[in-house]
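In the block that follows, a single chain appears as structure tokens, in the form predicted on its own.
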Amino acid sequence: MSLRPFQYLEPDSLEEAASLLSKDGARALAGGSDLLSEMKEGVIAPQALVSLAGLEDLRGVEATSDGVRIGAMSSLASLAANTELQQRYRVLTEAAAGIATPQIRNVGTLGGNLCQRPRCFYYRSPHTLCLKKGGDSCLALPGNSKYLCIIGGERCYIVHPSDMAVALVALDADVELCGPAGRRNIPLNEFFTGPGSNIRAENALQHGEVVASVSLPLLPEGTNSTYLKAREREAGDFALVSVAAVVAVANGRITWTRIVLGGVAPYPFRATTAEEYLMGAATVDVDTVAAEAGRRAIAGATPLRDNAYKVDLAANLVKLAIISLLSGDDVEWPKS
């Protein structure tokens, strides 16, 4: 499959980038590892690529009075190695460190990772016209559903491929978007959308908008976090199932928690049923508490023909994550 001709544009400001992206056929180019793959595979054929690489104000990690701001063009490798993030937001650096390969982490960006497209091979194939590409049906239902969702599917059964999204939703992050109408901030949990909202998109970006930054709040005292990811290969692979767990403990009880699953839904799935159970739970019988949280996290799942394994996998990942956080011991699970 050969690339079709396109323009390559280098704006001097985010506002100029938004203006260029408001034109039909234009796409934002960050690290390019996902976008260029779509182009080479013949899935998309943009008329212009608007590079964000020269916009330095989109890079870096900045401490603020109420948390941390991370520029959308910050590389995944730089975030994984950031000592401040490692100390305050461990779940985020663990997620970044486990993405793909070192080469991809060096070029891949935070914004690009959040906005990457589905990895379903029916969507990725130039020879199939699935529902997400304008077809009449989800081809995975009569075909291979091994890697697809067990929660939240509605006509289309993709899973969201971003590790950073799962960790950031667990941290109650906000995302700053910039477009022709200016800038706006929304909770990251509201940024991601399911197929019932818009079958052709996975997020709330409007025409011409790009992700400018992500902001993390200060976490409660006594907070610890971790990210666990199950995959077929030990490195360089997308999650079959992942979990971002954030827990605050005081006086022997859980006072605050977030449990978010990846690889099970078309968006980062916040397991509120498990969170409600964990709130106020004593940390004495860790195994029992963790096992029950795992069962509740995946309650209501409706697996497809080939992916029932994800139910037990998700429950056990949550269990391992909670045991790790409450006992202070790292679990034996591949993270990179």
Ligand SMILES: Cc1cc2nc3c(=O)[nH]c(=O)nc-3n(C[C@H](O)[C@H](O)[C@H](O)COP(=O)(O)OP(=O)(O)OC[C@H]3O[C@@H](n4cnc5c(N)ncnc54)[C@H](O)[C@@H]3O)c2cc1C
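No experiment lies behind these values; they were computed from the predicted model shown. One-based numbering along the sequence shown.
Although not depicted, the form predicted in complex with the ligand is the subject of the following passage.
Just to confirm, Asp237 within 4.5 Å of the ligand in the predicted bound form by heavy atoms?
-> Result yes; Asp237 sits at the interface with the ligand in the predicted bound form.
Any non-hydrogen atom of Val210 within 4.5 angstroms of the ligand in the predicted bound form = Val210: yes, in contact with the ligand in the predicted bound form.
With a 4.5 Å heavy atom cut-off, would you call Val68 a contact of the ligand in the predicted bound form?
-> Contact check for Val68: no, nothing within 4.5 Å of the ligand in the predicted bound form.
For Lys229, is any heavy atom within 4.5 Å of the ligand in the predicted bound form, or not?
-> Lys229: contacts the ligand in the predicted bound form.
Name the stretch: of 280-288, 263-271, 297-305, 24-32, exactly one has residues whose heavy atoms fall within 4.5 Å of the ligand in the predicted bound form.
-> In short, 24-32.
Which one, Ala77, Leu141, Cys130, Cys115, lies within 4.5 Å of the ligand in the predicted bound form by heavy atoms?
-> Of Ala77, Leu141, Cys130, Cys115, the residue with a heavy atom within 4.5 Å of the ligand in the predicted bound form is Cys115.
Listed residue (Val241, Ile254, Ala72, Val169) with a non-hydrogen atom within 4.5 angstroms of the ligand in the predicted bound form | Looking at Val241, Ile254, Ala72, Val169 one by one, just Ala72 meets the 4.5 Å heavy-atom criterion.
Contacts with the ligand in the predicted bound form, stretch 38-53 (heavy atom within 4.5 Å) = Result: Leu52 alone.
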